[in-house]
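First, one chain by itself: the form predicted alone, in structure tokens.
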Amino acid sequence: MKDVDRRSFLKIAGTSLGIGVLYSAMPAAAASGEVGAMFDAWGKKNGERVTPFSFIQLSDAHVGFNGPPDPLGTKAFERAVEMVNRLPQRPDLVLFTGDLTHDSEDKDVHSRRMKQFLEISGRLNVPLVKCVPGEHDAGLDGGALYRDFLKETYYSFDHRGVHFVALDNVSRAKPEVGPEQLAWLKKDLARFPKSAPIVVFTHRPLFDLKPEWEWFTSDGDDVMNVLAPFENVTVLYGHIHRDDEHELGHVHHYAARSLIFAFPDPEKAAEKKPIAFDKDQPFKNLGIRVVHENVAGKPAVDTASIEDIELTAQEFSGINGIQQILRNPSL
């Protein structure tokens, strides 16, 4: 069988991320045929066969923030948790890509906000929840409070043949990973072959998306140089409060929308100013995008569909019904 490159892996995965995205790591039909043979080959190379699973990415809940441009506080976050719990197939894990809380110089206030985040996220009916800090969680105290509640700010773990890497690019009080963490990353990845599927999740983008808006990581190029030899890398991040997709080299970068308020398109907006709250559509731009694999007996590589589910005023007031908007896949 011919070698399968990173791009083929991403198409099979149906990867396209936004707020509350159900990420299909592998289609359900992956146990047989050419795709099954591909995973067998990866298993021999990587030491563990990739098996199908899904996970959710959530980001920027900003628990404790309440006021313009969003007076609803944790309502979108709580609604997202409810919708994840109603998915017909339970995901294996949920990844939170930072700004779990809104910062406060009062440690007691910030502690209460972190406890509230943990209480709401604790309602998720999933086996595993993993987080990284955002600058609002860790920027003021170098991550001390975050570590009190959630242990390490960077770490890695393996799940069903995929290696997950949590990177902290906020705790140094600037958008930076730092030399200590870079050395750790090199050591962490040293045991893997170049074909290993790797998912990196962090808060800030690892490339210069909009430096004047602080949408960058100063040593992001150094991180990407460490990841460059690997063929199957996906980077998930938050911070920009909107969905975004970039392919740089052979790595795909995907941003998740926020659970509190949205920022405008940096290519169209003159300034970094949150999108105004709309009382008639209180959760506009804060929805759930679900990726579906349309598999009919065999893997269908190019047939992923994306369904955006907006949290509408009717949803907010308790009336049944969800406005569903179908989009073309961005694969």
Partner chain sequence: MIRSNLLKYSLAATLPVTLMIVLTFVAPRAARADDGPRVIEITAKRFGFSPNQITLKKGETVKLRLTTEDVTHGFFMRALKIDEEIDPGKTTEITLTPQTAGTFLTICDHFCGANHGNMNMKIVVE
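Numbering follows the first chain given and starts at 1. These numbers were taken from a predicted model, which means no experiment stands behind them.
Same protein, other form: the form predicted together with its partner chain, not shown, and the subject of what follows.
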Open item on the list: Just to confirm the contact call: exactly one of 185-193, 87-95, 128-136, 227-235 touches its partner chain in the predicted complex at a 4.5 Å heavy atom cutoff, so which is it?
Closed with: 128-136
TODO: Give a yes/no on whether G143 approaches its partner chain to within 4.5 Å in the predicted complex, heavy atoms considered.
DONE: no
Open item on the list: If we define contact as a non-hydrogen atom of the residue within 4.5 angstroms of the partner, is A173 a contact of its partner chain in the predicted complex?
Closed with: yes
Task: Proximity of F216 to its partner chain in the predicted complex, heavy atoms at 4.5 Å - done: yes
Task: Close approach of E245 to its partner chain in the predicted complex, 4.5 Å, heavy atom - done: no
Open item on the list: Looking at P211, P179, P71, G122 here, can you tell me which has any non-hydrogen atom within 4.5 angstroms of its partner chain in the predicted complex?
Closed with: P211
- [ ] Name the single residue among H253, H163, H241, H102 that comes within 4.5 Å of its partner chain in the predicted complex, judging by heavy atoms.
- [x] H102
